Each structure stands twice: as C-alpha cells, then as structure tokens.
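Single chain ahead, written as structure tokens, the form predicted alone.
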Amino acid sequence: MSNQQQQQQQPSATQRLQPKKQTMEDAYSPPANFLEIDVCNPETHGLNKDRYTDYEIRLRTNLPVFKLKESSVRRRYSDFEWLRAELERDSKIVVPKLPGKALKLQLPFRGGDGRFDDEFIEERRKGLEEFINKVAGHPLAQNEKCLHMFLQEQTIDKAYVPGKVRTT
C-alpha cells in the first residue's frame, strides 16, 4: 500500500468537522452577544462663538456588563476627547484616534460654514461612530466606568472616581 493510500484511510487530526444543520430558530434568534452603537442625528446649537454640534449616541446590547440594555444620550466632540483621555490614562488598551479637528475650517475669512458644514459634520459623525464602536467593542474597555458613563448617563460627571464597573 502506498503512503498516499495509507493517509486516506487514517482519519486526520486536522480533518474538517461536519457542519451542524442550522434550524430556523438558530437562524432567526437574537445573537448570543451583541453591542450596537450608532452615532446619529447631529444637531448644531447656539450662535457665533457659542455654536457647537452634538450627536445622539444610541446603544443596544445584551452584554451583562451594561446596566441598561438600550440607551440614548447626546455628546459633543469634546466629550469624545474626554473619553479618549480617560481611557488612555486608566486602561490597558491602545485607544484609537478620534477624527481630526477642523482647524482649517475654523480660519477667519474662509467661505462656507466651516466645521458646521453638513459634509464635515457627516464625515465627523462617521469617524466618531467608528471610534466608539472600536472602543466599546474592546473587552477591557467595557469594564471602565468612564465608558459606561459616556454611553449611558445623560450627563458626564467629570469629577467621577475612575475605576472598573462591577457586575452583580
């Protein structure tokens, strides 16, 4: 018997497993763990120097670490900067970068609406959504109080005591 014939007769340690047939219940039941975060509905407030844009942050999850399974809060770009700084200081994760500041768009005598231009706001919204999904999807970041406050509390208490979330 040739070597090749012997290999075909013996089961291989790396042999493929036969896939389990998926039932309709499996296909249409909620996923085991999910975390969905949308950054949407940008709104610009104020006038002149007091003008700013905030975004709605909508969260849906079944992860036990989050006390609310659905929440909606409004956050400004500066709130995202705060969250990033807190995570860099207190967690062991590499925190992704935020979308850039609109420095060129803030120059005086520049035509258009600058950082309040619809196109810029939409680009920033996409970048903020990508940032928060990367951060919140990280298992170590999910235990940080600052992330929970950012995602689920209506106001951010910047005098909070940093630490881990306890799940009970």
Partner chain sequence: LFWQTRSQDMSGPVTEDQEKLLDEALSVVKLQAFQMKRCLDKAKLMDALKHASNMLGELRTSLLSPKSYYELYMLITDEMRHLELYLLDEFQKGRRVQDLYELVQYAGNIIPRLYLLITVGVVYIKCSEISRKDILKDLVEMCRGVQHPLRGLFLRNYLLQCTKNVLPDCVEEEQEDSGSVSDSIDFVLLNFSEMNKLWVRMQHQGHTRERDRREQERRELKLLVGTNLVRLSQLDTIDVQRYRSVVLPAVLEQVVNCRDALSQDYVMECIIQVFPDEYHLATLQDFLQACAELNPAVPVKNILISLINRLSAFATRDGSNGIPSDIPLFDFFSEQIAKIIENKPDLSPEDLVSLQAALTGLALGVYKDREDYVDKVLETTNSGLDKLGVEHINDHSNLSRELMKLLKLPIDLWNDALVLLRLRHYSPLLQRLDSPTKKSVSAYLLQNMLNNGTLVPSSEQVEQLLDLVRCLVADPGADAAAAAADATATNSLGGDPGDGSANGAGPGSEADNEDLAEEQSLLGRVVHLFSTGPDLLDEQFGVLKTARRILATGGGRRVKYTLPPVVFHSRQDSDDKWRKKCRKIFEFCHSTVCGLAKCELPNLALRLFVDGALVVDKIPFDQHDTRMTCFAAENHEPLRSQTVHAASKLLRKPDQSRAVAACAHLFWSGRPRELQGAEMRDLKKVGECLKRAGRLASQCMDAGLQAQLYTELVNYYLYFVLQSAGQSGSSGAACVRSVWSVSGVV
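As the structure is a prediction and not an experimental result, all values here were calculated from the model. Residue numbers count along the first chain shown, from 1.
We do not show the form predicted together with its partner chain, though everything after this point is about it.
36 is the sole member of 70, 43, 117, 36 with a non-hydrogen atom within 4.5 Å of its partner chain in the predicted bound form. Candidate site formed by 16, 60 and 137: every one of these residues places a non-hydrogen atom within 4.5 angstroms of its partner chain in the predicted bound form.
Its partner chain is not drawn, but in the predicted bound form it has no heavy atom within 4.5 Å of residue 159. By the criterion of a heavy atom within 4.5 Å, residue 94 is counted among the residues contacting its partner chain in the predicted bound form. In the predicted bound form, its partner chain lies within 4.5 Å of some heavy atom of residue 22.
Among residues of the shown chain, residue 27 is one whose heavy atoms approach its partner chain to within 4.5 Å in the predicted bound form.
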